[in-house]
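Only one chain is included here, represented as structure tokens and corresponding to the form predicted alone.
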Amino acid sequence: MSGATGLRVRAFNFETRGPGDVSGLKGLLDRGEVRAEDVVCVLGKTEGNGGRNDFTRDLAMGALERLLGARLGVPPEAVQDRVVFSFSGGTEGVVTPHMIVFVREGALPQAPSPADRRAEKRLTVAVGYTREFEPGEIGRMPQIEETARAVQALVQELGVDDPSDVHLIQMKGAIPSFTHAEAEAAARRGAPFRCDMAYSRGASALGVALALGEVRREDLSDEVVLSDYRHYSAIASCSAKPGLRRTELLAFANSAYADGELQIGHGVLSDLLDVAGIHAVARGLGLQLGAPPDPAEVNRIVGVFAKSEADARGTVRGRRHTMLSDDDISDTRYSRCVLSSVLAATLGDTRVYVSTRAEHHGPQGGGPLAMIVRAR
């Protein structure tokens, strides 16, 4: 950091011509505007189908591993031990494929004093991991409690005054590999095997909710996961990855001990059409968008992160929807397209990161929304 002290987080939002296009980051590195050692995470949207056979995410991560590995002097496969990648497939409708590179420079003061505090809180980022899980722990209290432990550890690193300063926990949920024999053994014990994406996402979200005081420990149990949707997090965003033994976590918060120009805020959307909820988050960050949105205000937006879900009750605002009964198009693609379009129209920016499947992420049919902007 030239001439600066303390911690500063910078973010760069690049449109991509394809999943393997890393020219935006390469340009920053070539010009010396960013050091590879300071890149902490990359989040992005790729133009695949977002399903199990969507390899665009792997293409994007492979390109970044090769680029950063050469700059860091490590093999490409070792880059993910230093940089967290979180890519969501599916850019249906008007979504622009893009990636956001987060750079963390400097450090928070080890023994902060009142003199270290800034008048305005600024974005801070921390990276963490759970321990490795056994397949039988996924979707159950061990995963919830271990996720909560990892989140609480990250909160300590973020330099925040209060957990309310934490606005987004982005996760890649664990789904350890398992054998059919392990699954059959669990079934014989009378415990339905839960090592799949839905249970991992749900338990991960509840772990965040537990860590940040959104739910009480006494209200949680194995039976709550994917059953009692009264319990949820407005801060979690989890996508699960088969073969991953531990959950990877990115925590974003505002800290009075961080420098820079970025701030983050969050809220919860009641459904896929919740324009008022989007405006509430924007207003909380000082954005005055208007209709149509003011281009000067739109230019302050750095990143938009949301979760979408086709309401399992089959209605939106009391009217029947067919997202769950249309065999031609997956409900995930429907919900992602709808929410992305509503966000883009409201915010005036098509670079939105919407990840689908929102078990215990916000209320049923809705989901969390976080935004990062440049402060005035």
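Nothing here was measured: the structure is a model prediction, and the numbers come from that model. One rule holds for the numbers: they count along the sequence shown, beginning at 1.
As for the form predicted together with another copy of the chain, it is not shown, yet the points below apply to it.
Exercise. Could you tell me if all three of 6, 123 and 375 have a heavy atom no more than 4.5 Å from another copy of the chain in the predicted complex?
Key: Negative, none of the three is within 4.5 Å.
### another copy of the chain in the predicted complex: contacting segment from 291-299, 110-118, 155-163, 234-242, heavy atom within 4.5 Å
Careful reading of the contacts points to 291-299.
Q.
Going by heavy atom distances of 4.5 angstroms or less, which of 255, 130, 170, 91 would be at the interface with another copy of the chain in the predicted complex?
A. Residue within 4.5 Å of the partner: 91.
* Does another copy of the chain get within 4.5 angstroms of any non-hydrogen atom of residue 345 in the predicted complex? -> Yes, contact at 4.5 Å.
(request) Examine residue 31 and determine whether its closest non-hydrogen atom to another copy of the chain in the predicted complex is within 4.5 angstroms. (result) No - in the predicted complex, heavy atoms of residue 31 and another copy of the chain never come within 4.5 Å of each other.
| Contact label in the predicted complex: residue 326 to another copy of the chain, heavy atom within 4.5 Å | Yes, residue 326 lies within 4.5 Å of another copy of the chain in the predicted complex.
Requested in this report: Find out whether any non-hydrogen atom of residue 316 is located within 4.5 angstroms of another copy of the chain in the predicted complex, and reply yes or no.
Outcome: Judged by the heavy-atom cut-off of 4.5 Å, residue 316 is in contact with another copy of the chain in the predicted complex.
* To do: Counting only non-hydrogen atoms and a 4.5 Å cut-off, give the residues of 336-373 close to another copy of the chain in the predicted complex.
  => 337, 338, 341, 342, 344, 345, 349, 350, 351 sit within 4.5 Å of the partner.
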